[in-house]
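Given as structure tokens, the chain that follows is alone and in the form predicted alone.
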Amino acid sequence: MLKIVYFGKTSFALEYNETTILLNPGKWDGESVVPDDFNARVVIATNQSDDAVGNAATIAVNSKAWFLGNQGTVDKVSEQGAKPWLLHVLQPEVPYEIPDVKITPYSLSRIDEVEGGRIENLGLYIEIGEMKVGYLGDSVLRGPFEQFDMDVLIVPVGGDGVFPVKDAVSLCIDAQPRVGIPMRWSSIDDPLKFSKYVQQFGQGTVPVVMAPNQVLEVSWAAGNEFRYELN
């Protein structure tokens, strides 16, 4: 069984057996979304913006976790005090593997609304236990994710430099994950629209809108029956 814990915005933890992967422990309005004492095996930020990196350095140091990101993100976390031997630069399409987990990053991007242009953002294809999870972080591009077999797809829906709702829904329609989870919205209308349109047009994809501190449990029963439960 895979447990998906939602902290808010783009921050999630994937928990399988004794392994916990923390994704984008960002800061929003100066506040950390994830507690400093959260215990993780691996911490990943998909880009170097504060709303993705947040307090990743503190969490990595406190839990002696590996930190993964692109070069700019790793440099930022290093400057914030993460130990060099815990840092690993992810290269696009080069898998990172530990027992029970394989993480393949893909080069995507988000729009820099302050300075203009684009900021590199890594989309992650995570194979953890028997589950396949797509996580796009802060992306305005779908890249190759429409082609992947995914049990769970976690996708931004807020506009504001990332996918608007219609593009997130379109990706779910094309990729046909078993579960689609929206994130990073600024208006509650965004996830509600995502859920409505995925239900109408998603061809078997179940939309799951998570509130902070909720846990989604997903599993395969008898090897071929996909089950999910939101707590």
Partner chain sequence: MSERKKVVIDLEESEKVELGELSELTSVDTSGVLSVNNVSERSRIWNVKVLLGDTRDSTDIGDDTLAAGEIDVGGKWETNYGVAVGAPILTFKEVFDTCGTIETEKPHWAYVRGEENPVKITLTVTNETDGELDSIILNKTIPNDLSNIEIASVKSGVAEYDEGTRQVVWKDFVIYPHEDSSLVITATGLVEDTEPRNAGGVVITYRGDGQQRSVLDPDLNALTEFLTGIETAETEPNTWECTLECSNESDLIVRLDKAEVYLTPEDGGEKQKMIEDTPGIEMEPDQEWTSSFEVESKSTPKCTQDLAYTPVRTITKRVLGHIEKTAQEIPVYSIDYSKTFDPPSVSSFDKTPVEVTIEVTNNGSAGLNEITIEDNLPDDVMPPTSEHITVWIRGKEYTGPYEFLIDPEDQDPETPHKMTFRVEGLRNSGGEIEPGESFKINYAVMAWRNRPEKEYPSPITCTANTEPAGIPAVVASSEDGHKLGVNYKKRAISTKKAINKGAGAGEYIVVLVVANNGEVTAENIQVSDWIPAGFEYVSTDPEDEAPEVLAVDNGSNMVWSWTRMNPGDKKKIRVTVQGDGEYERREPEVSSI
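Small disclaimer: the values here were computed from a predicted structure and weren't measured. Numbering follows the first chain given and starts at 1.
Not pictured, yet referred to below: the form predicted together with the partner chain.
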Students should find that, of Ser32, Ser63, Ser170, Thr205, the residue having a non-hydrogen atom no more than 4.5 angstroms from the partner chain in the predicted bound form is Ser170
Assert contact_stretch over 71-79, 126-134, 146-154, 84-92 against the partner chain in the predicted bound form, heavy atom within 4.5 Å, equals 146-154
Taking the shortest heavy atom distance, is Trp28 within 4.5 Å of the partner chain in the predicted bound form? no
Close approach of Ile119 to the partner chain in the predicted bound form, 4.5 Å, heavy atom:
no
Contact of Asp36 with the partner chain in the predicted bound form (heavy atom, 4.5 Å): no
Discussion item. I'd like to know if Gln199 sits close to the partner chain in the predicted bound form, meaning any non-hydrogen atom pair within 4.5 angstroms.
Written reply: yes
